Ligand code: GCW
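Have a look below at one chain only, the form predicted alone, in structure tokens format.
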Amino acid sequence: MRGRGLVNRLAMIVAAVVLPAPLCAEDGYDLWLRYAPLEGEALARLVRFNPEIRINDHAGYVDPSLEVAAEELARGLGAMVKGAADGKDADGIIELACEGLEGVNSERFVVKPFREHDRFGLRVTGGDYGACVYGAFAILRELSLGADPYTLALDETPAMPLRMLNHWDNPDGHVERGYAGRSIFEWWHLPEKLDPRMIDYARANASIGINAVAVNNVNARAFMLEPRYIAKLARLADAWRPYGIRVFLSARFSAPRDIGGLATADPLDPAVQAWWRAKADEIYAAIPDFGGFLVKANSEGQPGPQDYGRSHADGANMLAAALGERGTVIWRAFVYAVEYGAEDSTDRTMQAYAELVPLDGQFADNVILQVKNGPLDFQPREPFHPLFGAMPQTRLMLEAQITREYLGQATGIAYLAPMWEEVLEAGTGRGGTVAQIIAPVGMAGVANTGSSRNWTGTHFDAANWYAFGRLAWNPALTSEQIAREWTAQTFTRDAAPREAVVHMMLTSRETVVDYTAPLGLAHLMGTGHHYGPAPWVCDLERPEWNPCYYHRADAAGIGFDRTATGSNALAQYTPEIAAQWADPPTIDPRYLLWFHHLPWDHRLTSGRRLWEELVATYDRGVSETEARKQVWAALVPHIDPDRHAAIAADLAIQSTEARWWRNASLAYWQSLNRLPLPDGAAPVPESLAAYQARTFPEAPGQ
């Protein structure tokens, strides 16, 4: 079994390591910014370097960004040498000289060595003051990973201008699809009291290059635009500005009617336009660098321009005119069936393309369409969204989900960088890869932070926050590179245990796919909370809310036909791309049932029949969750006890959930196809009725 192979490989690696001294307990609050003490030659080099941190203030002004860069360097360097340089005169220099470089990207930083008499130094220059913040964090990252300060040279420019977190946090503290406690934003206490956690949040974001944050749920409350909330938002903006972070606000489209006293929110109504202009002026008076509005409109019951017979472009452009050159409207492309209760016979995965492609070229220059990675809804695996490349005259950015709504809700391990890497590298046939198409604009990720002490609910979910930022800064980084960076900074620099953790991470997303959405199945989760399997749900109000709509299983077969004989969703891709998925014998089996409805006895290229392959895939997912438990258990000597115990408990939950998904799903498929399990497959231990009877009113994030 593949899972058993994973155990054997990694156990051999771990067993070869000399056991370290007992480790101090940690709670995960410091994330990847632990700056754990160095050892050996890396420590000796840094002690020898022992730099003086100097701010170049030739202009007679010290920008707050330079101050936070210097503070972070002092914090990180001091922690990494662990007092070993106490009492020793500074031998080296780190000079922060980001006064602006004409004609250079404002976020670009350069780290170069220099000599001052007999002292060695590193000089950080950049396009603007904030570039020194990125440069400082990059120096600390490299030194934390063991780099030699005497050979360090860096020159980095972010690949994308907008690298953004979208919070689905509500003002009452509830986080939609949040699995790490309540919201980190204490609106009740703002603006008078700023939680110090907000500074640590900004530090973490700046360290990975995130430069924008939308602070509230896209299912927005109109009162977030009232003066008292603008004052609260301004306090956050002031705190985050030195870290290069601009604040955005999710805006409810119906606000002129909800809080403005108007009878309409029609985007072509002059009074509505005037109300939004005045509101934008009010916000910019308080927050001069306000980023702009994030808008979810005419989707899942949210108000929007189509309520008045207007187009998405009409709505977005009205708001864009109110902001003018000062800011940006980010308009979510997640749109389908305008109102609750309305039915659209179009395949759900095709609706955004059908609505938005005819509007290409009609959006204002300061409007961005924010497009999910796939055409459905953040599923464990989807093909890339056909909108990428199909709207060449419209600015598009990628929206990913860092919070794990459909990938286990922050239990166990599901490292998502391979999923994002998969979509970024996808060739669209229309202007290059997805990464190339979004490069002029950016990426947004639905945040996974909360009030949990470790920020993300489980320690490994912090890796997804980290990976999102690193990929948005540089999509050429590989999932493996990022996992190795994060593990070394978060857990251990020792090679063997580090590599064991990295291998666990790299295979974890595929394992979740195996036991929740094998062979291209999708949207099989429970109603409302989206927790656990419920492929039997077929009676919800709208067809496209039902798992049955997506798997279309019956006695004859399973899968959604999206070829020309079915919904013809393939026609939304270029002929070259569509050809890759058009024929069952040649399609990547990972997408097989996404695009094809096939008989249970269909023969796959593996030699197995479809039913046999489906069962084997579920079983592989289960076995690999068991394998990770064993690999993690072998790491006891190398991970501090508190975090090791917490992760061991998370992995045990994940293993239980994998078995639940496997057994409940197979029980349902068998109720339709009446086929026995293949020889050697473990029997399903409970009845289908028992699995269907499970309820979870306490499930978080719903």
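Numbering starts at 1 and follows the sequence shown. All values reported here derive from a predicted model rather than from experimental measurement.
The protein also exists as the form predicted together with this ligand; that form is not presented, and the subsequent description refers to it.
The partner is not drawn, yet in the model of the complex one stretch among 106-114, 508-516, 601-609, 372-380 has residues with heavy atoms inside 4.5 Å of this ligand: 372-380.
In the model of the complex, at least one heavy atom of F334 sits within 4.5 Å of this ligand. When this ligand is considered in the model of the complex, E405 lines it closely, a heavy atom lying within 4.5 Å. Looking at Q436, you'd find every heavy atom of it more than 4.5 angstroms from this ligand in the model of the complex. A residue is said to contact a partner when one of its heavy atoms sits within 4.5 Å of a partner heavy atom; W168 meets this definition for this ligand in the model of the complex. With the partner removed from view, the residue among E95, D314, E300, E544 that has a non-hydrogen atom within 4.5 Å of this ligand in the model of the complex turns out to be E300.
Checking R141, K296, H597, K232 for any heavy atom within 4.5 Å of this ligand in the model of the complex turns up a single hit: K296. Within 4.5 angstroms of this ligand in the model of the complex, the stretch 506-534 places a non-hydrogen atom from H530 alone.
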